[in-house]
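There is one chain below, alone, in C-alpha cells, taken in the form predicted on its own.
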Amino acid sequence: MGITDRKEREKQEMRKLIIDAAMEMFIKEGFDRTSIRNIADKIEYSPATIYLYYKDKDELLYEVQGQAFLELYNAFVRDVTATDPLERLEQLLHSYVNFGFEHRDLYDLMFILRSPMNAVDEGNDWPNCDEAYNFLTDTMNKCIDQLRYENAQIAALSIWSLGHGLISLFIRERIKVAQIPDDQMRNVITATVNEHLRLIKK
C-alpha cells in the first residue's frame, strides 16, 4: 500500500471514529451536550484535530444525520418483508413509527433540528435521506393502483407527513393535548396510520 492510500485510509478511519463518538454522545446526552470539545475528549484527541475534518458542529452533525438515515433504511430493509404491495406499505409505516419511538434523539436530529441542515447549501439536494425516501416511493409505486392516489410521489409525501407529524408531536410533547398516556401513544399512532391506509384504499 502506498503512502497516499495509507493516508486516505487513516483519514477515513478518523472520520469514522469521530462520527461514531458523536452518534453515541448525541443518543446518550442529547444535542446540547454534543459539542466538538466533548467529542474530542471522548476520542482522546484535541478539538483542533476534529476541525481538520469538519469545519463546525453543524457539518459534523450532518454526517451523524446521514448515519441515522442509514439506520432507518436498514430498519426498512429488515422489517418490510411481505410480497403483497399494500402489506409492504403497512410494514414500512409501522417500521417508521417504531424507529421514531425507539430512537427519539436521532429522529429529532434527522427531521426536526435545524442545525445539521445548515451544512446544506441553499438549493442543493439533501442526499442523506435518499435511500430511505426512495424505499418509500418505490413501495408506493408498487401499490399506487390500489390506492386513492394518482401520483406515487404525492402519495408518498402525504403518508410520510402523516407519520412524521404524529411522531414529531409526540417527541416534542405537543400531543399531550390529546390526553393519551405515553405508554399507549405508540399503539394510538399505529392505529391512526392503519386507519389512514384503510381510508385511502380503493
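Keep in mind the model is a prediction, meaning the values are calculated, not measured. Numbers for residues come from their place in the sequence shown, where the first is 1.
The discussion below concerns the form predicted together with another copy of the chain, not included here.
Residue contact with another copy of the chain in the predicted bound form: residue 93 places no heavy atom within 4.5 Å of it. Contact check for residue 173: a heavy atom falls within 4.5 Å of another copy of the chain in the predicted bound form. Residue 5 falls outside the set of residues with a heavy atom inside 4.5 Å of another copy of the chain in the predicted bound form. Residue 109 belongs to the set of residues with a heavy atom inside 4.5 Å of another copy of the chain in the predicted bound form.
Stretch-level contact analysis of 125-133, 97-105, 70-78, 83-91 against another copy of the chain in the predicted bound form, using heavy atoms and a 4.5 Å limit, identifies 125-133.
Along 163-197, residues 164, 165, 166, 168, 169, 172, 173, 174, 175, 176, 177, 178, 180, 188, 191, 192, 195, 196 each place a heavy atom within 4.5 Å of another copy of the chain in the predicted bound form.
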